[in-house]
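In the form predicted alone, a lone chain appears below as structure tokens.
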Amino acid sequence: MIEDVSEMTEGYKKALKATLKVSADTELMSAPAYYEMSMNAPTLDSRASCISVIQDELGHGHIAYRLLEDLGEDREELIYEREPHEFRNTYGFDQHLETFAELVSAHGMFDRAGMVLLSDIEANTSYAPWKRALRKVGKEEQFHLRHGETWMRRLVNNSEKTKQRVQDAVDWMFPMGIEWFGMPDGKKHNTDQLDYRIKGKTNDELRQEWMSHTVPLANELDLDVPAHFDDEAEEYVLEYDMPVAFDADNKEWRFDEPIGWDDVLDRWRSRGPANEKYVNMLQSGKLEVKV
């Protein structure tokens, strides 16, 4: 186990920094992404729970930025002095969440993706300070998942209208979750995270872990997702060829328009439609609440 910078090679430190920045930015940017619809929650209890999720996410971001300070980074600079396109959060939190159904589906699917990634790091990382910090994070992410999945069930069972809203959310969030874990193992050339034991599982192994939770959940709720478990292969398989084009303005996947991973990377680097808005919300310290 590695305890501090004096024990690291330059290669190890570079790989660790890159992983921590993605984690920190993703936790931070989930807060403004979740904010507006949290304030539109249907009950006071649900609003309080949603705000608690945001508070947790900010705390998780703080942990990762604090660890980056130990590695020589400036936390204030990382949060307040970067341009919006320089943030490295996952692409899902560059999208506008426009309904409460989208919010709780994000809690149930995006937070599941985060938990899959961070649980693997907690179990396998060689960086001891992060391993210890993630014990707290994991317990709080469990709350986010319970909240999201509970409300997904409530909305699905409430009426056809609210069920359709959950289905509409899942239609664009499920493929977004598939992309969350990065390039397939056969196309990924940089293996520093595995070589230095920053994490333990490959991208495809993590993707399978995520689907092992989200596909059964969708089946339980009678929601359509483009994936199923293949008994012969003994793994979850997609019902489309990854990757495909994404219409960010309409939040629609063009399954009949296959693209290359270079196109996906270009989309990620260009950031999504809500990127500037969310970064400005955080950097200005001001939140506009619609009455």
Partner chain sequence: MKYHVFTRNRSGDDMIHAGTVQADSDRLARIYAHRTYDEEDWDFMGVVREEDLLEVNEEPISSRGVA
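Here the structure is a predicted model, which means the values were calculated and not measured. Numbering follows the first chain given and starts at 1.
The discussion below concerns the form predicted in complex with the partner chain, not included here.
- With the partner omitted here, the stretch from 244-252, 55-63, 221-229, 259-267 that lies within 4.5 Å of the partner chain by heavy atoms in the model of the complex is 55-63.
- Although the partner is absent here, residue 192 sits far enough away that none of its heavy atoms falls within 4.5 Å of the partner chain in the model of the complex.
- When the partner chain is considered in the model of the complex, residue 82 lies well away from it, no heavy atom lying within 4.5 Å.
- Residue 122 falls outside the set of residues with a heavy atom inside 4.5 Å of the partner chain in the model of the complex.
- Contact check for residue 187: no non-hydrogen atom falls within 4.5 Å of the partner chain in the model of the complex.
- For the three marked residues, 75, 136 and 139, a heavy atom of each sits within 4.5 Å of the partner chain in the model of the complex.
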